[in-house]
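Just the one chain here, the form predicted on its own, laid out as structure tokens.
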Amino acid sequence: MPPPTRTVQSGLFSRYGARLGLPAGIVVTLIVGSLLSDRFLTVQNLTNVLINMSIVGIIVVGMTFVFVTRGLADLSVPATVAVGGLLVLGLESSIGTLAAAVVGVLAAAIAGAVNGWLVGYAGLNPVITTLASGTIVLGIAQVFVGGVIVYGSDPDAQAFLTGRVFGVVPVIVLIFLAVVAAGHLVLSRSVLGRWSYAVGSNPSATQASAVPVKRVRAIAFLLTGTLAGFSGVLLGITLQTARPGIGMGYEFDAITAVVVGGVSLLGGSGTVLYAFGGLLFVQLLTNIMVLQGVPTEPQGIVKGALIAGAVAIDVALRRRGGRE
């Protein structure tokens, strides 16, 4: 039997290297963490990891849609998280927590819809557009609360979100996993999902086949804004405090998770489950550094290196697979 050609070998590496690299990385991280600290591989510590990744994990689901549709990134996430948190706490004493939560999510969804219209229909650069809109939205939020910290007034809602089902599974983790499952089903099994991959792979050819390219890109930003607002609502209720800067850094954490999870910056590939895996890998690595007493600054350097490495691998795999 003749040996496999170089083209076949490259194709296999592109296909299985990308799929197996992340699970292998998570396993190695678990082994290394258990060797470095006795506290790492405990139920309590791993449960805390899941709780810590739940808020940003909901944003990761929306950011995956933005990446798959070749939307680059949504940098308005900190503002929409703040809008959700500030509105739910600022309004809950007058209209109730549930109604205030709906208002918070709807306000963030409107910001996401504006981003979607500007990027999808007006054709503006996603990075510049979301950075500018986020600054505007954050300014409006600061005016709304007068630049001060807002405190909650519903300890029952806080107790519910910080509680555990059957005394074991945290409620906030169940909500996060439900969002992940819904996002995975939409992206992998629905018409919107198929259109999202087509738009990210080849926008020109997809538009010629009557797929609403502009609408699909707009929906991706609408989803991210809505989910970021939902995360802000959950964060505000959980902490019972919110300030305009409450969402700072979540966009970077979400982008890191999505890129490490193998969702391509160039669009057209990646899944919600792998983005979840990327977030899990980053959170486990961060947990190891925290347990080892590593300061915050080096942790940022490690995350930045992960993004650079993941993007370099993505570009290399695409070139091996014959795609630029």
Partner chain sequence: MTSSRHILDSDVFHALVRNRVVVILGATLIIGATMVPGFLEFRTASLGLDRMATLGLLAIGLTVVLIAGQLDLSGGAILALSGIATIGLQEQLGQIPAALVGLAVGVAAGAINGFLVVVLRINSLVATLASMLFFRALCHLITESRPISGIDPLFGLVVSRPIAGTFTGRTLLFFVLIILLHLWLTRSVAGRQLFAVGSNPASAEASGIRSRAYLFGVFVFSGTMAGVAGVIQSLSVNTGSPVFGENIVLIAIAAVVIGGTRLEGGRGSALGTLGGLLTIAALTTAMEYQSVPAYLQDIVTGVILLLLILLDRTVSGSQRRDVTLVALVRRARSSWSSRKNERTPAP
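Predicted model only: the values in this text are computed from it and were never measured. Numbering follows the first chain given and starts at 1.
What comes next is about the form predicted in complex with its partner chain, which is not displayed.
None of 100, 222, 73, 234 but one reaches within 4.5 angstroms of its partner chain in the model of the complex through a heavy atom, and that residue is 73. Though its partner chain is absent from this view, in the model of the complex it lies within 4.5 Å of a heavy atom of just one residue from 139, 163, 155, 96, which is 139. A residue is said to contact a partner when one of its heavy atoms sits within 4.5 Å of a partner heavy atom; residue 125 meets this definition for its partner chain in the model of the complex. Heavy atoms of residue 132 reach within 4.5 Å of its partner chain in the model of the complex, making it an interface residue. Although the partner is absent here, residue 265 is a contact residue: one of its heavy atoms lies within 4.5 angstroms of its partner chain in the model of the complex. Shown alone here, residue 117 lies within 4.5 Å of its partner chain in the model of the complex, counting heavy atoms only. In summary, the region of this chain contacting its partner chain in the model of the complex, judged by heavy atoms within 4.5 Å and restricted to 117-125, 86-94, 206-214, 226-234, corresponds to 117-125. Proximity of 66, 192 and 195 to its partner chain in the model of the complex is absent: no residue of the three has a non-hydrogen atom within 4.5 angstroms.
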